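Consider the single chain below, provided in structure tokens and representing the form predicted alone.
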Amino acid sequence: MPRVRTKPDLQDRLGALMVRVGIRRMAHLVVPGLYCVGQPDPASPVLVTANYKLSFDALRFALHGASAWILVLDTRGVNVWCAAGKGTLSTAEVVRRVQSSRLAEVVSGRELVLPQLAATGVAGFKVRRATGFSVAWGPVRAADLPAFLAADRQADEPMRRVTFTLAERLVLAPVELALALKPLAAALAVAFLLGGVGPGVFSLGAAAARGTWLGLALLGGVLLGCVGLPALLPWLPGRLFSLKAGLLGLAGGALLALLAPAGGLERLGLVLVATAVASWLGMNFTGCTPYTSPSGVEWEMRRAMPAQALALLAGVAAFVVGAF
């Protein structure tokens, strides 16, 4: 039986850092199956998690000094909450993993402790009917597991509450910024070329001068959508993330337009571009929060994306036409 460490080493820390900046995210997983920490016996608790390594690590590092079994499901490298919503952390997968690991031959107890955030994907009564194992819903955070187990699997109100603090929001920003780097580099190159378009067909001097301001509008939109939105989320008006981020982009674009030595159309273009980019990137956070639902996200995207595309195209057109 594989026994895993309960303290992170350098490789664990480097792997987590790589994932946080978007490097090999989908390869950061562990092999599904049964693991253990400490010196578990047949009566030790069985804790269930996803095979996304950050989820697995959060669980095992919370169990330092404890003895337990860890049943890792095949969620295709997706974290607990998202996997439950996507259907990979499901009743069928729990049943399949209990049976394939021959768990009933290893433990004497007949209870599985699943994370609370898996509840949308798993029907406990169906798991019990298929395997003989009942399901107990553990706390939201793995860090609360020792207290939960010590309290005979009773969770208090803080253990059940999903939070979204400033630190929890900002931890998402680095990966969003990293994912935006490649398209941003291409967009900056296009901004340079568009900046050079004018009455003389094309000018390198104009490309450097005007293109810089258009590039700043793009960069500002990225920073406001990827960092500004999660930082200021609770205080921005409205319920739609596209609107919240769009308002940030509008404010940032307006400030940039005031500073730019440009005409009216060019200034309008900067505002529209910053607004569209920030609004688009802000929607990436809809799947990371306790404020939204899958149906609500789909509803918002269907309505926001056409407006974002129109604003971006209108902004680019206004900026280019302004040179004439």
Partner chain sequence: MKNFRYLEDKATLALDRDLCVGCGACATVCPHGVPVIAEGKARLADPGACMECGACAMNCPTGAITVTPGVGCASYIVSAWLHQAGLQRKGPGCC
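Being a predicted model, the structure only gives us computed values, none of them experimental. Numbering follows the first chain given and starts at 1. Rigid core (definition): largest C-alpha set, two forms, superposition within 1.5 Å.
Beyond what is shown, the protein has a form predicted together with its partner chain; the following relates to that form.
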| Does its partner chain come within 4.5 Å of any heavy atom of residue 97 in the model of the complex? | no
| request: Although its partner chain is absent from this view, report whether residue 125 comes within 4.5 Å of it in the model of the complex, heavy atoms only. | output: yes
| said: Is residue 36 near its partner chain? Define near as a heavy atom within 4.5 Å, in the model of the complex. | reply: no
| query | Is residue 117 close enough to its partner chain in the model of the complex to count, meaning some heavy atom within 4.5 Å? | reply | yes
| query | Taking its partner chain in the model of the complex as the reference, which of 42, 264, 290, 65 has a non-hydrogen atom within 4.5 Å? | reply | 290
| task | Only one of 200, 205, 234, 132 comes within 4.5 Å of its partner chain in the model of the complex by heavy atoms, so just point that one out. | result | 234
| field | Within 4.5 Å of its partner chain in the model of the complex, all of 160, 294 and 305 (non-hydrogen atom) | value | yes
| said: If contact means a heavy atom within 4.5 Å, which one of 66 to 74, 277 to 285, 251 to 259, 53 to 61 is the stretch that engages its partner chain in the model of the complex? | reply: 277 to 285
| Going by its partner chain in the model of the complex, which residues of 164 to 187 come within 4.5 Å of it through any heavy atom? | 164, 169, 179
| said: Does residue 239 move appreciably between this form and the one not shown, meaning a CA displacement of 2 Å or more on the superposed rigid core? | reply: yes
| Post core alignment: residue 305 C-alpha displaced by 2 Å or more between this form and the one not shown | yes
